[in-house]
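Take a look at this single chain, the form predicted alone, given in structure tokens.
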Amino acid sequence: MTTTTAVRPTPPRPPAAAPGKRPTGSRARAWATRAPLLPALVFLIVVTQLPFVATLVISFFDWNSLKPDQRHFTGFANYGSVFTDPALRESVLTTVLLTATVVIVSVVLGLLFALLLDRAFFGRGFVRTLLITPFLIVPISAALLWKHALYNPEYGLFNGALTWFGNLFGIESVAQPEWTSEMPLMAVAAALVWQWTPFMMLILLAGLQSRPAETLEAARLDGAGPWQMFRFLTLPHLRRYLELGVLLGSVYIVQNFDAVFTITAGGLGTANLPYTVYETFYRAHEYGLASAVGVVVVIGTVIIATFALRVVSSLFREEASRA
């Protein structure tokens, strides 16, 4: 007697998703995750990108607000003026010189203060708070402080200190320099160095405190002196932190307006690019030329910021690899 077994039919499989396409449910979950960020993204675009696009469009026009009927398209003529006009070219050089001076001096002083605070001593917390304070002051307030409390030739602290030292050593007539008129660019740079040195100090102090203790201890056991440890261990370790401080400092200082406007009002060869934008836009009413200068500043800042972001990402990768 022969028995037969019934074979059940295999149910059809659901169609496979096309390669490169995610299921509908996955896309919905992804959009649900990103949806809370959309208002912030829209706000960011409206506040930053749309004004920049408008500035970019205006930079291609010869547009003087006092002569609105004579507005016309000029192409790249405004950008040519930025690099060929003597006054604008001088403001570019002033910006580079001021930024380089402030960044270099701030990094050197910040490194010295960071090395000091990396050591244990009585009152270190109080000293650290005092050194950080200048960075917390509003920029316009810091500029006013330097202009009136320090630089003023009649009642400023600098001339008062010179008079006191003169009386101490029996000198009757002591020179009372006009700091903002005799050395204007140095006066602006000194105020910015005072404000940005704490920023560099904090970055470099973080780098010093991330040094591996076992490496330092091994170097001490091998007979390495303080200078050798600094040159061959500390300085190479701080390279990324130094690069980060230089790049971030350059991004912010190249855009500085408060100190130049408050201390010298852009006179005596201290007008940098941000102040030139202000003068061209609000005083000369040249909207097109001022927009071109602003676009040049933004492009330069973006280039520097790109390198800064790369340095930050490399620092995170190094920290993750050590962990």
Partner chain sequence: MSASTAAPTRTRATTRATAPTARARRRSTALGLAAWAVGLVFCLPALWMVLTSFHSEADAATNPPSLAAALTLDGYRTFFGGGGGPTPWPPLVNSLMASVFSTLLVLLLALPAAYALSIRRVRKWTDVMFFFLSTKMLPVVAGLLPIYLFAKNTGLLDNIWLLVLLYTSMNLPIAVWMMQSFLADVPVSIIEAAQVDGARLPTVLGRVVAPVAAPGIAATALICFIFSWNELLFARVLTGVVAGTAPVHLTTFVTSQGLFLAQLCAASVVVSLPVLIAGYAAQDKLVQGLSLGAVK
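None of these values were measured; they are calculated from a predicted model. Residue numbers count along the first chain shown, from 1.
Although not depicted, the form predicted together with the partner chain is the subject of the following passage.
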Quiz item: Is the partner chain close enough to 130, 252 and 298 in the predicted bound form that each of the three has a heavy atom within 4.5 Å of it?
Solution: yes
Practice problem: Can you check 77-85, 162-170, 96-104, 178-186 and let me know which stretch has heavy atoms within 4.5 Å of the partner chain in the predicted bound form? | Solution: 162-170
Quiz prompt | Interface membership of residue 55, the partner chain in the predicted bound form, 4.5 Å heavy atom rule | solution = yes
Quiz item: Looking at the partner-bound form in the predicted bound form, is residue 49 within 4.5 Å of the partner chain by any heavy atom?
Solution: yes
Quiz item: Heavy atom to heavy atom, is residue 235 within 4.5 Å of the partner chain in the predicted bound form?
Solution: no
Quiz item: Using heavy atoms and a 4.5 Å limit, would one call residue 203 a contact residue for the partner chain in the predicted bound form?
Solution: yes
Quiz prompt | Within 4.5 Å of the partner chain in the predicted bound form: residues from 236-257 (heavy atom criterion) | solution = 241, 244, 248, 251, 252, 255, 257
